[in-house]
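In structure tokens, the next block holds one chain alone, the form predicted on its own.
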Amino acid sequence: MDNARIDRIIDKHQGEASSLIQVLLEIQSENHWLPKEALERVSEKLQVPLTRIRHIATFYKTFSLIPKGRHEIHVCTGSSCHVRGATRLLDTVQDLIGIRPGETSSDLRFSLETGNCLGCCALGPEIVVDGKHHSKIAPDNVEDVLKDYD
């Protein structure tokens, strides 16, 4: 991500230090992660110490300091989904995309995460891809869901 794009995001928020989290969210949304150079630029432009920015970026799970895939897959592994087959679902996802939870595919297409609850317990097992919920999904249907994400 180039400095001009980072500057536009910062300018959109009038360069206010109080907009730090929103600025980081926008950079993360566009870039899929927060590179060191971007954090340094934000620190310089907002006049916020880099240590404070790194603390925020590592505290909130939504931020990543390592490259993430263009598409984020979250598989619910909470109790309700677990009893409905989340383990088989997760195994299928892992087999199809070739990565484990917490990893990103080498082509930067997918990142895989698990979570204890995605908020739709009655609809499990469930996966969420780029914020879109796929409920009551069977392992046999995972390939059909993922083929739409290039």
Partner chain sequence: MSEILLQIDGREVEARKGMTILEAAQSAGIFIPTLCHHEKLEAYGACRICTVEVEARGRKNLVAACVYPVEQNLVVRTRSEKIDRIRKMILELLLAHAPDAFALQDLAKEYGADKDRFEKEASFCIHCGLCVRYCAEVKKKNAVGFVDRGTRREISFIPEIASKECWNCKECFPLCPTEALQAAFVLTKALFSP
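Residue numbers count along the first chain shown, from 1. Remember, it's a predicted structure, so these values are computed and weren't measured experimentally.
There is another form of the same protein, the form predicted together with the partner chain; it is not shown, and what comes next is about it.
Is K45 close to the partner chain in the predicted bound form, meaning a heavy atom pair under 4.5 Å apart or at it?
Looking in the predicted bound form, residue contacts with the partner chain do not include K45, since no heavy atom lies within 4.5 Å.
Does I66 reach the partner chain in the predicted bound form, with heavy atoms at most 4.5 Å apart?
Output for I66 is no: heavy atoms all beyond 4.5 Å of the partner chain.
With the partner left out here, check for me: in the predicted bound form, does some heavy atom of G98 sit within 4.5 Å of the partner chain?
Looking in the predicted bound form, residue contacts with the partner chain do not include G98, since no heavy atom lies within 4.5 Å.
Using a 4.5 angstroms cut-off on non-hydrogen atoms, would R54 count as touching the partner chain in the predicted bound form?
Looking in the predicted bound form, residue contacts with the partner chain include R54, since a heavy atom lies within 4.5 Å.
Residues in 44-66 close to the partner chain in the predicted bound form, defined by a heavy atom within 4.5 Å, in order
Contacting residues: P49, L50, T51, R54, H55, T58, F59, Y60, K61.
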